[in-house]
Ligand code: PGA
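Just the one chain here, laid out as structure tokens, in the form predicted on its own.
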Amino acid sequence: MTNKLKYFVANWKMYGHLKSLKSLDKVVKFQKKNKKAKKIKIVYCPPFTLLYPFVQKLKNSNIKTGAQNCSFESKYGPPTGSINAKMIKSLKCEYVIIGHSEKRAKGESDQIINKKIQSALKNKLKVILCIGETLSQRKKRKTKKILFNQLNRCLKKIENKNKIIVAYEPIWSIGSGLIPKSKDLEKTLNHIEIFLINKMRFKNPIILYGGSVNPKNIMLLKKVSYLDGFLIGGASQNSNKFIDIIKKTFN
């Protein structure tokens, strides 16, 4: 891992209710007592319904809160069921996940993602931009082309790049229990880093890996170069598993 901070982003997806807040106690306690706390950046991204309770629960800790998505509309308006970056920021959230494959699968284009990023940055949110290829694209050896196209289009005319974290999530790995081979993953991450620095003018890119991250495979994943942390789904919903992942990353 290349950066001083190691990111552990918990994407709770469509999970959780008010009673779930109790599970944060163990993580807060762990973070406060951990000798390597200064090297750990924990970000929880719960459903919209839990954003404010999470912010309140974590306000006396160094753990941050982010949203799982936002509208590309910067102003208040009529889109029923939508929540924009301004509303998320008003809750004192600091991060937002944009471009997750589950949203892309439902028709979210790179152009829409670009507008969302612009809106998020305008409202002073840090962006976690998800990119990734399908299994079919991977088998056709199009991974590199797909990822570069996504980055080009999603980051078009984006200037404030120090507020953007890139999360590589191979679509075929999400929820499947499968992860790329270490050499393949390292090669892909290297391509992403070089592209971000040379083509997109990132000074110090932060790159995460997401896709079936759990306590069993973290020992393999942590050895991969060009990696600054993890975007964790199901395993992050269990405080014991989440803490185990963090511990093993530093062992």
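Note that residue numbering begins at 1 and tracks the sequence as displayed. As the structure is a computational prediction, the values presented were derived from the model and not from experiment.
Below, we turn to the form predicted in complex with 2-phosphoglycolic acid (PGA), even though it does not appear here.
- Heavy atoms within 4.5 Å of 2-phosphoglycolic acid (PGA) in the model of the complex map, among the stretches 23-31, 49-57, 211-219, 185-193, onto 211-219 alone.
- Contact with 2-phosphoglycolic acid (PGA) in the model of the complex, defined as a heavy atom within 4.5 Å, is made by none of 86, 118 and 163.
- When you look in the model of the complex, the only residue of 173, 71, 150, 114 with a non-hydrogen atom within 4.5 Å of 2-phosphoglycolic acid (PGA) is 173.
- Within 4.5 Å of some heavy atom of 2-phosphoglycolic acid (PGA) in the model of the complex lies at least one heavy atom of residue 13.
- Put simply, residue 169 is close to 2-phosphoglycolic acid (PGA) in the model of the complex: some heavy atom of it is within 4.5 Å.
- Interface membership of residue 108, defined by any non-hydrogen atom within 4.5 Å of 2-phosphoglycolic acid (PGA) in the model of the complex, is ruled out.
- Residue contact check for residue 94: none of its heavy atoms lie within 4.5 Å of 2-phosphoglycolic acid (PGA) in the model of the complex.
- For the stretch 230-247, the set of residues having any non-hydrogen atom within 4.5 angstroms of 2-phosphoglycolic acid (PGA) in the model of the complex comprises 231, 232, 233, 234, in sequence order.
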